[in-house]
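Presented below, as structure tokens, is a lone chain in the form predicted alone.
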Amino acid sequence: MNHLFPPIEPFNEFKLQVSDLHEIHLQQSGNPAGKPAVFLHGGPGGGIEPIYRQYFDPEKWRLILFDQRGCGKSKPFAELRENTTWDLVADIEKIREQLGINRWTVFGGSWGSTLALAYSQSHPERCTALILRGIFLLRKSELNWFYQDGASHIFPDAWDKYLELIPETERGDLLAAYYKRLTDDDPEVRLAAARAWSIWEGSTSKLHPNKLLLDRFGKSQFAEAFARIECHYFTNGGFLESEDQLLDNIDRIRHIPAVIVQGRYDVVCPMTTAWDLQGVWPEVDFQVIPDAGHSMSEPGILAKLIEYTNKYSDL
């Protein structure tokens, strides 16, 4: 099967208070008695979309999706306080306990792959399988490639627009320059920076750029949470103990059935990162899509992800 399942509506939606400050939005879809899976969206700060439900056979899966702290329908909106990788790992466990699930499959792409690795390495006994796409490990070289010097050589036209907002005197550290603006007291300054940041990522996410994707990334409501939370995480190195933490702890999950689906021409999360991960994790099923970029909707990536949601539904 190489196409999406038909659109479905959630059978349950609710809010979960995960701290004194944060409330997250959750939804369940598919078969209430099906195999549990949790979907970890990208960004951080990207939020969930209805199309994500269509990657899972609704007769076989009980799918749990949620807006991570500060984005989508979670509150407070675009909040950076109490918003770290380990806060999100704790939230995933609270969701699992709230829903009475013992073990589940964890699905994550891009930043979602980072979070899936952090969660599974913290709670390997709770994971039946891992489906990972567009690997991102939050290393300095990866951040430098996309936000300072690298992807800029492939998309110079989009890069010029990303640079426009930043004076030449601040371009030596674009993450810091954007963080200053994304945390400014002036909402107009924040929004201008958020839209420029988000449109840059939207411009590079597909092998063939897509206007609908650019329109989504450029919308104020999406861009503010997406850019602020991403830049907050990236400025803080993802709150990891070291930049190789997720590689160094691979022994904790080596036994879990897992697949990596990676677009060969992924500019946002270049294949070298997935290559490094499979290098320390030879047990993983490593699937390179030869004609794809970053987006999970690229035809080859979409087909392979659905192949594995079908395959792992029988584990």
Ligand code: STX
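Residue numbers run from 1 along the displayed sequence. This one's a predicted model, so the numbers in the text were calculated from it and none came from an experiment.
Unshown form predicted in complex with the named molecule; subsequent notes refer to it.
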162, 147, 179, 104: which sits within 4.5 Å of the named molecule in the predicted complex by any heavy atom?
-> 147
Between the options 233, 119, 200, 226, which residue brings a heavy atom to within 4.5 Å of the named molecule in the predicted complex?
-> 226
Is there a heavy atom of residue 304 no more than 4.5 Å from a heavy atom of the named molecule in the predicted complex?
-> no
With heavy atoms only and a cut-off of 4.5 Å, decide whether residue 34 touches the named molecule in the predicted complex.
-> no
Residue 110: heavy atom within 4.5 Å of the named molecule in the predicted complex?
-> yes
Tell me, yes or no, whether residue 52 is in contact with the named molecule in the predicted complex, where a contact means a heavy atom of each within 4.5 Å.
-> yes
Using a 4.5 Å heavy atom cut-off, are 126, 308 and 312 all in contact with the named molecule in the predicted complex?
-> no
Using a 4.5 Å heavy atom cut-off, which stretch among 69-77, 164-172, 93-101, 216-224 contacts the named molecule in the predicted complex?
-> 216-224
What residues in 38-58 sit within 4.5 Å of the named molecule in the predicted complex, counting heavy atoms only?
-> 42, 43, 46, 52
